[in-house]
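First, one chain by itself: the form predicted alone, in structure tokens.
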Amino acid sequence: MPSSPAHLSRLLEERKQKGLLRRLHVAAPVVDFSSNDYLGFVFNNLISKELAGLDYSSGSSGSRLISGNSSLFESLEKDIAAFHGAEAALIFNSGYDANVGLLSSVPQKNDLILYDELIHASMHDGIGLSYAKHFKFRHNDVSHLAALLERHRPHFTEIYIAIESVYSMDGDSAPLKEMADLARTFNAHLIVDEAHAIGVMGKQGSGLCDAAGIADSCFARVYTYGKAMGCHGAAVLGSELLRTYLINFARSFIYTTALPEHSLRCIQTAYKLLADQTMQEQLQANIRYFNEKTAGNPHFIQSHSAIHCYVLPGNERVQAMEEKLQAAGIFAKSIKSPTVKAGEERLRICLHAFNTFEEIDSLLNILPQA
């Protein structure tokens, strides 16, 4: 084998010494409090059962601008837009691609992006590829955002506000109504990533923007399908003008092979499954039960989503707690710094429709209560 750059070994060794070296694992403990399969579409094999026996091509043969487009793409995007009450939708290969494509191509050199400090890494990467100026505001801090808008509005052509409806590390929700009001007041464009809200919140799992009544105030919404929807891909929703612009300027859309037919059928089936509210009701029951059992526990960040965090400062301490749970057959992932701020390391606990009250009790009985 040829030699490798010296810094590869050095940086990996540094990460190992800090207890931060990432490894891939195949087997996981039996009781799942880690995956993003909130409704259990994957756990219960629901999409595969719906599509059993149907024959689909293994690939799409090219990008959508060359040979990969189809009538199924076009009709599915119309259905997605109608479901979420939007004018248009454009499917991307993943939530990462959607956020990168949207935020790298739309904001221009004389524009400004204001973003919540806890947004997804994919949004950060899209912002980093943009020519626009960008500043962060304190997490869910409406006053801080208002002050930044007041200060910068006169100096930029367009301003974009990038947030999540439900945050992936804290599990808390954005003050959507207040932020939509600010966007209107300052003539700014609101971009909301609904990755952890779709399927979980809103009518038939339509998301938190719908539940909060601010969907029409959003310039763009991003819905990803690899979490509660149990499949793959994502869609950016907005105006027909935005859709056409992304087709022409979003590099993560233009220069990639289109999703195959099977992936599109999976997305289509996942939306149909949302019509049955049984799984959402069971998930909401588990969220209520979890919050009742953890009320008053200072380790937990308040959350009404499927994501709950048990804050346990120190990478070594939180790793030890993950291993203690694994020994009991329970899988909840430790999140360490620098992924989160030093001193805010935590166990990330994801609740699912298929978790039982007994499993929740078993988890909480292992975690220190004070």
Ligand SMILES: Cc1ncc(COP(=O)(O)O)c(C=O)c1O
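Given the structure is predicted, the values throughout are model-derived calculations rather than measurements. Numbers follow the displayed sequence, beginning with 1.
From this point on, the text means the form predicted in complex with this ligand, which you will not see here.
For the candidate set 86, 236, 195, 258, a heavy atom within 4.5 Å of this ligand in the model of the complex is found for exactly one residue, namely 195. Here is the short version: of 186, 137, 156, 96, the single residue with a heavy atom within 4.5 Å of this ligand in the model of the complex is 96. With this ligand left out of view, the stretch that reaches within 4.5 Å of it through heavy atoms in the model of the complex is, among 277-285, 222-230, 75-83, 201-209, 222-230. The closest heavy atom approach of residue 268 to this ligand in the model of the complex falls outside 4.5 Å. Although the partner is absent here, residue 168 is a contact residue: one of its heavy atoms lies within 4.5 angstroms of this ligand in the model of the complex.
Although the partner is absent here, residue 252 lies well away from this ligand in the model of the complex, with no heavy atom inside 4.5 Å. Heavy atoms of residue 116 never reach within 4.5 Å of this ligand in the model of the complex, leaving it off the interface.
Heavy atoms closer than or equal to 4.5 Å to this ligand in the model of the complex belong, across 101-126, to the residues 120, 122, ordered by sequence position.
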